[in-house]
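What follows is one chain in structure tokens, specifically the form predicted on its own.
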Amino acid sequence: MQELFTVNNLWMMVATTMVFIMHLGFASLEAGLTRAKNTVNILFKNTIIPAIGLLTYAFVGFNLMYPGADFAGSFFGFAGFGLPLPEGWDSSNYNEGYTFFTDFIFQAMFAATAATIVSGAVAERVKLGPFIFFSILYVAICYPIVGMWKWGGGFLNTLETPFYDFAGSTIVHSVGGWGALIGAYLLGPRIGKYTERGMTAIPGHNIPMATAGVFLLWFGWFGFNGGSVLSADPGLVSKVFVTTCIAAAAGAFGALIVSYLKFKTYDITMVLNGILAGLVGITAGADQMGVGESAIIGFIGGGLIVFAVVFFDKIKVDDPVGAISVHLVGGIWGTLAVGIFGDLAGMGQFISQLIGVVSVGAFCVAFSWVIFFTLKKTIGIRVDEKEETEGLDINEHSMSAYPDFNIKD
């Protein structure tokens, strides 16, 4: 029916705009959790990354991720450059739920997320030029290839028990998390973060901005997960909305309880990241879980974030916004949870989920290491000590986010 096709397509476009808003959420969260002297730099990266994602996905990424049966293999496929229109692209002949262009633009909104995750982890000391170069390659090549392994019909989708990742706990979030881990490790910590006296907290300059960013991300996640139904099916979309929201709420309490027991204080940054961890965790199986299972996944995810933040500080991997803890640890947990809870739970499914986590992780680590290490040994990836101390805004952008105020480091 034309009416149903129109409704499905309209919901997909609405979901696309909600995912787009998430980029503002990432920008606000990262800027709020870092220092004032680097605000312009954070906002610049989070402005250029969606542009990188849209352009690379249009010219390369979409056909790497969805090469079609004629061009697909188990590990790699490519249907050519650009976006050639298939016959019947604007009707249900292409797909009963959406047109070709709706399919592209919805998937394109996901593409830049991986590089955005990396941006937060390497904040306040990475050179802008090398970071942009890394982002182009990561979004154009790495993300579409691993996405093809599942969503494009690759080997993870053809396992005896197919790997399952509904909206991208592994394929989107852990991809960004692995890149963030390698980038933060090769960059080294910020000046003054780890000293002979131990770890020194470097607080963000604008907690209200960070809080607003998390609520924007929570809002956008309804489109992120709800749009991944790929239709306006009332039962399934409403279920995904509920499981998504319950997991986020439980994540807040998981982080609150664990952080209070550990630090004896009510830490808003832990709760904010706990919400995100719940959202990342439920993303792999949002359509397969009940309310209770969503709450358990979110609660455990929020608690894990606290331990992950402490762990990465212990091994001196400096992540200013907790992106590695949220997206890598939360993504791995959410992916494995599909084999433990919900309609697909079972040992066979758990093993397939583990295969997916390990294979995607190995490829992303190797890809990220080659790029970042090569850049480090050639043009360098870190600003010098003077630039880092004065701030990236003045040295990389010749401007300040707050020109009427004196900025205290």
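We number the residues from 1 along the sequence you see. If you're wondering where the values come from, they're calculated on a predicted model, not measured in any experiment.
Only in words, not in the display: the form predicted together with another copy of the chain, which the text now covers.
Could you tell me which stretch in 228-236, 330-338, 157-165, 179-187 has residues with non-hydrogen atoms within 4.5 Å of another copy of the chain in the model of the complex?
Single hit among the candidates: 228-236.
Does the 4.5 Å heavy atom contact test between residue 153 and another copy of the chain in the model of the complex come out positive?
It does not: once another copy of the chain is placed as it appears in the model of the complex, residue 153 has no heavy atom within 4.5 Å of it.
Hey, in the model of the complex, does residue 193 get a heavy atom within 4.5 angstroms of another copy of the chain?
Residue-level check for residue 193: no, no contact with another copy of the chain.
With heavy atoms only and a cut-off of 4.5 Å, decide whether residue 93 touches another copy of the chain in the model of the complex.
Taking the distances in the model of the complex, the answer for residue 93 is no, it never comes within 4.5 Å of another copy of the chain.
If you check in the model of the complex, is residue 368 within 4.5 Å of another copy of the chain, heavy atoms only?
Judged by the heavy-atom cut-off of 4.5 Å, residue 368 is well away from another copy of the chain in the model of the complex.
Looking at 351, 55, 345, 375, which is the one with a non-hydrogen atom within 4.5 Å of another copy of the chain in the model of the complex?
Partner contact (heavy atom, 4.5 Å) among the options: 55.
Which residue, 128, 317, 137, 199, has a heavy atom that falls within 4.5 Å of another copy of the chain in the model of the complex?
The residue from 128, 317, 137, 199 that makes the contact is 128.
Report whether all of 73, 141 and 389 sit within 4.5 Å of another copy of the chain in the model of the complex, measuring from non-hydrogen atoms.
Judged in the model of the complex, none of 73, 141 and 389 sits within 4.5 Å of another copy of the chain.
For a quick check, can you give me the residues of 180-213 that have a heavy atom within 4.5 Å of another copy of the chain in the model of the complex?
Going through 180-213 in order - heavy atoms within 4.5 Å of another copy of the chain in the model of the complex - the hits are 203, 204, 205, 206, 207, 208, 209, 211, 212.
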